[in-house]
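First structure 1, then structure 2: two forms of the same chain, each alone, as structure tokens.
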Structure 1
């Protein structure tokens, strides 16, 4: 009997858009995403959907991104069938540790922990949800969390991450000393992925996950992180600021250059003092303090 065939779709897109697309691929059923030679390779399992059905889902995703104002005209998609026994090992070999300049290293669970990795090492299973550390916004949120943790901990040991994805920010928060850590996401698959990653890091007793959104933020947080989209950040500003203790730190990301002025205005209007603006590859992260 012939082994089942996996669908591998190669997606060529400019770097910023590639990052956005790779964030959406797990949500539309891709079990593994790799980056090679400026292209994304997205694996879809055999049996679930035909090649044409996956193709249509990918086109729908691109139409959604175009409707959200992203330039998708140059995106090209190519198809390659892959025999079942090959893909998992092939994909795994493409995943390397991510070493961030701010003393945070992210490794997949199948690599041996290595004492030479600098700073705090987090184990994150990639390909399950957004938040592997590859995206600029995740990297800047991790570095901001690390930089402002000591200051925030003096205010309160409560931490919340709104839109937690893989749970990577909540996991770092627990590792740097926050005692009451909550991750929130409105996608049940992200919550499952985060719980899996929490177990990999042996932090089951330190982090809680809840399915839902901004109204679940607990009061009195020393720090809140939210890596979402510009529109949501503005809508949720009052709820996020209300859940911060006096002197608490709010880390906001997921906006592109140009969208940040509106968020900065909303932060100031809600009584936040802007502490820092980080920017990588057109993605902006704003850090504010409740005055």
Structure 2
């Protein structure tokens, strides 16, 4: 029997746009992304979708970026079939600890904990769910959570992460002192990945996971994080703000420069005061406070 064939798509794009595209690829099903010779190589596993289906998803991603104001007309996509092999060990050797500048370190489960790692160490298995700390939006959300946790805890010990992915934000929230921590995602695979990571961090009794969306947010949260597409952030704004206690902190990310103006307007209309705006590689994170 022939080994299954993986779908490898090579994406040629200008450097700035490559950074943006690489951030979207895990969210549309790519199990691995590499950069080689000025091109991105995105691997999609066999069996899940046909070559044509993946191609259509990639075209939809480009259309969405174009609608957000990015120039995508020079992007070229090429296809290369790749026979299955023992990717696991090769891939593992490429994963190193992520040391963020806000006293948070993220390590994969196959590396031994090291006392030299600064601050809080989180164990995250980099699987198919989004949120391993590599992407700018995840890193900025983690650092915002770390910075504003003490202030939020004075308001309430409730924390919720909407679109939890790997559960990394919920895990950090539990580690820094929140007692009622909830992660929400509408993807069953993300919930499974988050529960796996919760077990790796021995926090089974500290964090709950639920399958669903904004309507599952509990009232009275001291902090809510949401790393989502800009359209969803706008649509969910009233529900997120309604679940915050007075003085609670809302951390919003997943938007590109140019999309943040709409989100800031929605924040203001919902009674949020903008506390801080972070920007990295065209990705924006907004931190607001209720009341």
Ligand code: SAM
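Numbering follows the first chain given and starts at 1. We call the rigid core the largest set of C-alpha positions that still match within 1.5 Å between the two forms. On a predicted model such as this, the values are computed, not experimentally measured, just so you know.
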Structure holding the form predicted alone is number 2
If you line up the core, does residue 74 shift 2 angstroms or more at its C-alpha between structure 1 and structure 2?
yes
Residue 39 C-alpha relocation of at least 2 Å between structure 1 and structure 2, rigid core basis:
yes
How about residue 258 - superposed on the rigid core, does its CA move between structure 1 and structure 2 by 2 Å or more?
no
Quick one: CA shift at residue 54 between structure 1 and structure 2, core fit, Å?
7.0
